[in-house]
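Next up is one chain by itself, shown in structure tokens, the form predicted on its own.
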């Protein structure tokens, strides 16, 4: 499946959407060209492999690209970033494209998805992007990954208490967890960050502004203050049965 927009039309769409959402810093020609190539490749692969249900260019720009890049302002210069549950490459790919200063690792338990992200990185020449295949609750206990990232980010992967236990063990002291959500249910109120060595979540709410609609988004940030106890994360069945 090919893009239904030409490169210049897509770039103009990005420029307007990014400007409307305070993301003008990511309107450099090289960045926009790579985002176009990434999207064109995604739609081609999506025709045979289910990566996303969002396939209309305007929705891709708003709900995938602008949404992913909205978290960039909370990520320090030169940070090592782990995206837990990277799926079809969001926010992994846009962050690696728009922030070449970052070292981004996309983690997913599905090899088909990490393979797609790795192949996309190779196609786009992104030498600051790596992939990791496996379950977060298992990999977080391995010494080479535990408390070794400046930032652990996750976008709409699971409820906040579950997500927190999966993410914070990867974050080094002084680093942060960044959770991207469309909404937060009352059931997601949690003391998990404090139990795992971090501050309570700081909440940032904003509107993602599109041409025809605006959508509320939340970014929640917890700062890691001390090491996470060795018992965490627990096995996934335990995490799900009794969230922190």
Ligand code: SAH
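Positions refer to the first chain, counted from 1. If you're wondering where the values come from, they're calculated on a predicted model, not measured in any experiment.
The protein also exists as the form predicted in complex with S-adenosyl-L-homocysteine (SAH); that form is not presented, and the subsequent description refers to it.
Taking 140, 81, 86, 97 one by one, only a single residue has any non-hydrogen atom within 4.5 Å of S-adenosyl-L-homocysteine (SAH) in the predicted bound form, and it is 86. Taking 18, 10, 236, 232 one by one, only a single residue has any non-hydrogen atom within 4.5 Å of S-adenosyl-L-homocysteine (SAH) in the predicted bound form, and it is 236.
Heavy atoms within 4.5 Å of S-adenosyl-L-homocysteine (SAH) in the predicted bound form are found in one stretch of 69-77, 143-151, 109-117, 122-130, which is 109-117. Proximity of residue 135 to S-adenosyl-L-homocysteine (SAH) in the predicted bound form falls within the 4.5 Å heavy atom cutoff. Interface residue remark: residue 171 is not counted as part of the site for S-adenosyl-L-homocysteine (SAH) in the predicted bound form, having no heavy atom within 4.5 Å. None of the heavy atoms of residue 102 is located within 4.5 Å of S-adenosyl-L-homocysteine (SAH) in the predicted bound form. Interface residue remark: residue 166 is counted as part of the site for S-adenosyl-L-homocysteine (SAH) in the predicted bound form, having a heavy atom within 4.5 Å. Contacts to S-adenosyl-L-homocysteine (SAH) in the predicted bound form (heavy atom within 4.5 Å) from stretch 143-180: 155, 156, 157, 166.
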